[in-house]
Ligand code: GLA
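Have a look below at one chain only, the form predicted alone, in C-alpha cells format.
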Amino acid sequence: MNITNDSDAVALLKQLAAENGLDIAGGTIRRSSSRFCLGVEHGDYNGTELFGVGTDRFIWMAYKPNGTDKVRLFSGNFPDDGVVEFTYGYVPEPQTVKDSWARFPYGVDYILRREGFALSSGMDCVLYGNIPGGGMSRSASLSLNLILSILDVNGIDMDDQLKIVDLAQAVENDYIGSPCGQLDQIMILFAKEGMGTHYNPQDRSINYVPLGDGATDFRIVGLDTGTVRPGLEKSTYRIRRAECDDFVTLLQNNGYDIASLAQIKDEATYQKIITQFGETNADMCERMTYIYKAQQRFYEMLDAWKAGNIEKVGEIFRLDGIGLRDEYRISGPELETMCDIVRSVEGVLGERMLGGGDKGAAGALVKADSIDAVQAAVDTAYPRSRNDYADKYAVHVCKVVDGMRVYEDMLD
C-alpha cells in the first residue's frame, strides 16, 4: 500500500474496519506524525537540550466507543495479527509479549491503570501508518496516539501535556522493556507546522522556533535502508545508555558533582576527565566526547536556524553524524552506506543516521532542487552496495507538520 494523504488513509481505514467487523462509523481519526531530530540525537537520556520537527509520515487511527469494556484493534500494517482484543485490566504481564505490535495497546492499558486512570469505555479501532520502521519514531507515534485515543473515549482530559510524554515513555520503558528517552515523544507531541521545537530539560520548557527569513528552500529526507530494527531493547542503544549511566556513576564516585553527561560543559572539566580516565575508560570517554561536542554544536545550530542559515544547520547535522559514527559508535553499515551515497550529491547540506542506531533510516537536509539527484543516486548506488535490500529501501521527502491532528467528521 502507498498511502500518503488523509483521504486515502480514511478510505483504507473504512475498508479495513468493514473487513474485520469493527464499527468506526461516525468516530474520530487521530493522526500522529513522525519526527526528525536536529539535535542532540541520543541527548535526551544524557540530559541535553533537544531540537527537532514533526515530519509528514503518519499513523492514522480511527476509533469509536463500542459500549463495552473491551478494546478491539486492527492494524493494516500487521494484518496477520488479526483483531487484537482485550478487556481493560486483563493484559499480559510486562515484557512478556515480544513479537507482536499488540504489546503497545497492552502497554498503554497497563501504564494508564498503574498511574490511576479509571478506564471503562472500550473502543473499536483501526489504524495504518507509513512511518519507516526505525529512525523516525514509529513506536513513539503509536504510543502517543493510543494513549490520547483511549483517554478520549474514557472522557479523561489531560492538561499537562508533558504527563502524556511521561506515560508514553513508561509504555516503552516499563511494559515493553525498551530503554528509550523522551526525545521522540516530545518532538512528535509538540510539533507545529513550519516550526522547530526546542526542549530544555532543566525546566521542562517547550519553545517554538521559526526558521529565519531568507532560508534556502530545502527538504527533509528520510533514507529508509530497508533493514528491520528489532527494537531498542535488542540494540546497541541499550548498551550505549548503560555505558553513559555507568560513566556518570564512576565520575560521581570520583568527586564530580554531575547527574548526567550533559553537565560536562566547560573545557577544563572535560580535559580533566579525559586526562583521568582516557586510558582506563577510553570507550566511555568517547561517548562523553560526542555529547560534549554535540552540545557545543547545538547552540550554533539553533542560532543558525533562527538566522535562516540552513547551510550551517546542515553542516552541523553532518558533524553530528560523524560524531555518532566515530565517537558514540551507534550507527550501522547500511545507514552509513546511505550517508556516503547522498554526501556525494551536490545540494545535500548534511546527512547522518537517525534514531536508535544499528538499522532503520538515515536522514539528510537537501536543497529542494537537488531532490531528484538524491533519488537517482540512491536508486543507482544503494542496491549495488546493499543487494539484500534492493527491493526494500525507500527515500521519503518530508515537510514539517503538526505532530497531532484530530478529525471529527471524516468517518460519517
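Computed from a predicted structure; not experimentally measured. Throughout, we count residues from 1 along the sequence that is shown.
In what follows, reference is made to the form predicted in complex with ligand GLA, a form of this protein that is not presented.
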(request) From the candidate stretches 44-52, 343-351, 371-379, 25-33, select the single one in contact with ligand GLA in the predicted bound form, where contact means a heavy atom within 4.5 Å. (result) 44-52
(message) Against ligand GLA in the predicted bound form, would Gly222 count as a contact residue? Criterion: heavy atoms within 4.5 Å.
(response) no
(message) Whether Leu146 contacts ligand GLA in the predicted bound form should be assessed with a 4.5 Å heavy atom distance threshold; does it?
(response) no
(request) Spell out, yes or no, whether the shortest heavy atom distance between Val108 and ligand GLA in the predicted bound form is within 4.5 Å. (result) no
(request) Indicate whether ligand GLA has at least one heavy atom within 4.5 Å of a heavy atom of Gln182 in the predicted bound form. (result) yes
(message) Just to be sure I understand the contacts: of Phe190, Phe317, Tyr237, Tyr199, which is the one whose heavy atoms reach within 4.5 angstroms of ligand GLA in the predicted bound form?
(response) Tyr237
(message) Just to make sure I understand: among 346-379, which residues lie within 4.5 Å of ligand GLA in the predicted bound form, judging by heavy atoms?
(response) Gly355, Gly356
